[in-house]
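The chain below stands alone and is given as structure tokens, in the form predicted alone.
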Amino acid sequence: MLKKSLDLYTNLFRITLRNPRDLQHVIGVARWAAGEIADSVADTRSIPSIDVLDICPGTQRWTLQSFPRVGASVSPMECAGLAALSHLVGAKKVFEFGTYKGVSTTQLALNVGEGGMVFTLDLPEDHPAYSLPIPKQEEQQIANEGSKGILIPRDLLGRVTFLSSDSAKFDERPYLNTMDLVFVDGAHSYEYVKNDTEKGWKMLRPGGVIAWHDCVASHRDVVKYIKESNLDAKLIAGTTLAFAIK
């Protein structure tokens, strides 16, 4: 620890002599790192991580679709993570909480292949009311947005079943033990993550996989629930995806 501290101070001194403005970058990175671990509840370091290529080792052919940048959606690396999880379980039936614009839905539909189906659930556009708390204003705005699934390519729509409901009121019983993969990416409040996970877990077949998006300090409730759930979750390195096997 002492050596690391000396290295840090030495490098800070060198940066100061060379170009003091570069300290802004160093301080910015340090502030971000500190924010990731300052809150023990939101600290993800206790969750084991796995490289995306180690999820299902060997030669795999994944199919991905790129999009222009879409806020509040999965990153390209997270698209690869969803593809890897789909192939891990040979997914043919997938359930998604949170359609939004359809970026993640598209990746899932591509990787279930011909004959597969993605069931994706979001609030009705004509009545986007929700019954559990959503404290963050930006998530309330997303909940009220229209054009759900608008980015899903037309040739994939035959592999997608759209469901409209508040997930807190959604009846999961017709889908019990039938899903190969469940993706939880709806509202990120603790109450909704708990609701969606518990319903999704019931819908999973034995050996199926449940995955969560935004397992990161900025979404404290997601991390909190996953750490409390005792589902032996793992993070996919370089992403905010976590997953567990039933």
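One rule holds for the numbers: they count along the sequence shown, beginning at 1. Being a predicted model, the structure only gives us computed values, none of them experimental.
Below, we turn to the form predicted together with a small molecule, even though it does not appear here.
This chain appears without its partner; in the model of the complex, the one residue of Met77, Met117, Leu156, Ala72 with a heavy atom within 4.5 Å of the small molecule is Ala72. Interface residue among Ala187, Cys215, Met179, Ile210, judged by heavy atoms within 4.5 Å of the small molecule in the model of the complex: Ala187. Partner contact region in the model of the complex: 139 to 147, out of 171 to 179, 109 to 117, 86 to 94, 139 to 147, criterion any non-hydrogen atom within 4.5 Å of the small molecule. Although the partner is absent here, Gly81 is not a contact residue: none of its heavy atoms lies within 4.5 angstroms of the small molecule in the model of the complex. By the criterion of a heavy atom within 4.5 Å, Ser165 is counted among the residues contacting the small molecule in the model of the complex. Shown alone here, Val160 lies farther than 4.5 Å from the small molecule in the model of the complex, counting heavy atoms only.
Val103 belongs to the set of residues with a heavy atom inside 4.5 Å of the small molecule in the model of the complex.
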